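Same chain, two forms, each on its own as structure tokens: structure 1, then structure 2.
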Structure 1
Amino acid sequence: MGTKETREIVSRRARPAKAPLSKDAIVSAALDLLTREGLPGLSLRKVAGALDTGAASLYVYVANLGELQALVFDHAIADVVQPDRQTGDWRRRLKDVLGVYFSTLRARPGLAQLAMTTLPVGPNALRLTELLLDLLLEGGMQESTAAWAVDLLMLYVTAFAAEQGLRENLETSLGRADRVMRELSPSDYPHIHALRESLLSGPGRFEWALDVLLTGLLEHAPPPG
């Protein structure tokens, strides 16, 4: 206590010089946490912690957790729409874009889940919607059909990504779906028992489903009204 060392000034910067708080810094830190820890990482307290402050401080820039989630989601899908690459016909390009969207949702744990709890009305989600509409209209689809088609396509991609993420999670901790189906009584559930291989098989499913959807959309008459 009485030594000279006591008077030494201790730098307050243990780390890179604390960046000033801002909406961008908050969203970046949050996306970082989501990437590393999944949905449980996306909490106001943890984001605040990563920014060396308290949770209360975030409320200056963000109304609540829901708004932060929406911002993080839209930020995470920023790279899906790339205006350059235009190879192949509209159908090929449509499937490519949806494929990139799918990969993006799967690239970070919990992101697909986030997509299912957030209305996709951020600028990047809207750019994606706009691009998809453009491709469908280029394909000759009627306007009212195209509108519903975009919703159907995006809903499928999102839900499929979320389901895959869920399966991954639960099957890491246990051996759920496979095990359940293998142990099923063949007399109670004959079809499931007979088709369990197909029901569980993964690869090719996404492409196949997109083809089913596109075939149905092109073949089927537009809705009345």
Structure 2
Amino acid sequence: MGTKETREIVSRRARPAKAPLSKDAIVSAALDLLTREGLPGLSLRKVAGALDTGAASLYVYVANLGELQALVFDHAIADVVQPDRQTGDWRRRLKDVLGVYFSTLRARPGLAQLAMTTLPVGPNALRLTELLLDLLLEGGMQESTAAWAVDLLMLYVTAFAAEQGLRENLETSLGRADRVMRELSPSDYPHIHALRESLLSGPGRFEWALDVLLTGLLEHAPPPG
């Protein structure tokens, strides 16, 4: 007479309870996913998987992926505006704030690319816009010019951060560009050949560009209308 195998029955109650689903939990999970996999890895399906739920459950809290991306971006820049950073003259403070914004974008793969596809109208983005406008107006900029200047400055910083991220992923790109420029004929490309080192140099470029933009904006007439 054979012996019956006994099967251990594990109660589902022994499993740890899932954290309750909420908008904050969804945004936090999405930001972690963006940090690990970059913008191409951010999807509602993957966020739902990270939260051990179905994608349909997320629609109770976010309308679509675009809304989630906007929430993620705004959450990620929450610490850009800090009162204790507001020291020095208006230009120094402005560049410091934009420098912190740049570092924030660079800290998470894909965040700069996300910023380029998201309208900055969340509470943290609005605080940043308000601060930048305040600093530009303090510097004597015309109101209509300042309104456009915020967009120009943010676009430059975002694009610069996105470019830096792409260059890090393509480790050989700068080396290849350097080799190509060094092999160019000085008779065919005299200016590129003469300036090849400056064309590829990086240190100081970020702040130099901000100075150029600010100087031009202060001297330029306000936009029509």
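In this text, rigid core is short for the largest set of C-alphas that superpose within 1.5 Å between two forms. Just so we're clear, the structure is a prediction, and the values are computed from it rather than from any experiment. For numbering, take structure 1's sequence and count from 1.
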Problem - Either 1 or 2, the form predicted alone - result: 2
Practice task
Inspect the rigid-core superposition and answer whether the C-alpha of Y59 shifts by 2 angstroms or more between the two structures.
Solution key: no
Exercise for the section: Taking the rigid core as the superposition reference, indicate whether the CA of P186 shifts 2 angstroms or more between the two structures. Expected result: yes
Exercise for the section: Any chance you could measure the C-alpha shift of S198 between the two structures with the core superposed, in Å? Expected result: 2.7
